[in-house]
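One chain comes next, on its own, written out as structure tokens in the form predicted on its own.
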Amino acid sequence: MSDFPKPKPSFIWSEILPGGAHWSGVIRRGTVLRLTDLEGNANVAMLINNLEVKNERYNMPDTLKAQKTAFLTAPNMCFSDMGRVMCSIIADTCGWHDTLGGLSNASLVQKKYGIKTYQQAHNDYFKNAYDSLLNELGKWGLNASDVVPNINWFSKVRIEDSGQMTFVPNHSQAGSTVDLRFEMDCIVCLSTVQHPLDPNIYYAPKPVELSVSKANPVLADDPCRKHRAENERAYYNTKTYYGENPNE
């Protein structure tokens, strides 16, 4: 017999995404995507689209309004613009994830960090989140019109009484994780470029680990479903979209 340890039955795949990188792929319903901040102070900008109906996408205003919150953590759900749930936050050791601060762009990165081109630094050139996500969206037939208010996992942005947004440094510690149970088959696009409000004067994006495993069945008393009446309604809409009995 082999001496190598056998993977857990629920494990499907994992990979490391370096700092400043971008990635996209399909995350299937019934699976859990775990994001792990490997070194601390990571930022993962995410856009989510329905795999089948690509113009259905993550909707920040409805997600926050329906759950009466200004940030994301367990047991929040991420709603689509069709009133369905795309993924549910079933576990979170970080406690606060920004979905208001948006994305960096080429002008902002150049102003903050200077210029380091591909010809100078090859894959270590200074990237920005907007162009990184646009690059990934293009692989799926999507374009700039699909760049909507995104999620920034592991970043904390506090809203002051004046309305000003304040980035909170050193929020996410090394080893912080967030588990996303996908309720729809989704195209997920990621960028690990620094948050646009990060006051660090150095370009220092951090790596994360992506790990996918099979999800346990969603029960009637699931904390995400029961968090708000709107969550249960979004889950109902998602089940009927797939032609399934929403009461099972």
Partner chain sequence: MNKQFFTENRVVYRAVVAAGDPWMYEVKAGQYFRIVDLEGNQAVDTLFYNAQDHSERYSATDTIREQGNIYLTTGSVLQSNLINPMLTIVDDTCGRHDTIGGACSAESNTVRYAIEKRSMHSCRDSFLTALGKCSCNHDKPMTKADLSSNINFFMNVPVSPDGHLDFDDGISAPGRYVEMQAHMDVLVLVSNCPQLNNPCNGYNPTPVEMIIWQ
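Numbering follows the first chain given and starts at 1. On a predicted model such as this, the values are computed, not experimentally measured, just so you know.
As for the form predicted together with the partner chain, it is not shown, yet the points below apply to it.
Taking the partner from elsewhere, N59 is found to have a heavy atom lying within 4.5 Å of the partner chain in the predicted bound form. By the criterion of a heavy atom within 4.5 Å, N237 is counted among the residues contacting the partner chain in the predicted bound form. Although the partner is absent here, R28 lies well away from the partner chain in the predicted bound form, with no heavy atom inside 4.5 Å.
Contact check for G101: a heavy atom falls within 4.5 Å of the partner chain in the predicted bound form. Taken together, F154, P169 and R225 are entirely out of contact with the partner chain in the predicted bound form: none brings a heavy atom within 4.5 Å. Note that among 180 to 188, 48 to 56, 200 to 208, 215 to 223, the stretch whose heavy atoms approach the partner chain to within 4.5 Å in the predicted bound form is 48 to 56. Contacts with the partner chain in the predicted bound form, taken as any heavy atom within 4.5 Å, map within 46 to 79 to N55, E56, R57, N59, M60, P61, D62, L64, K65, A66, K68, T69, A70, F71, F79.
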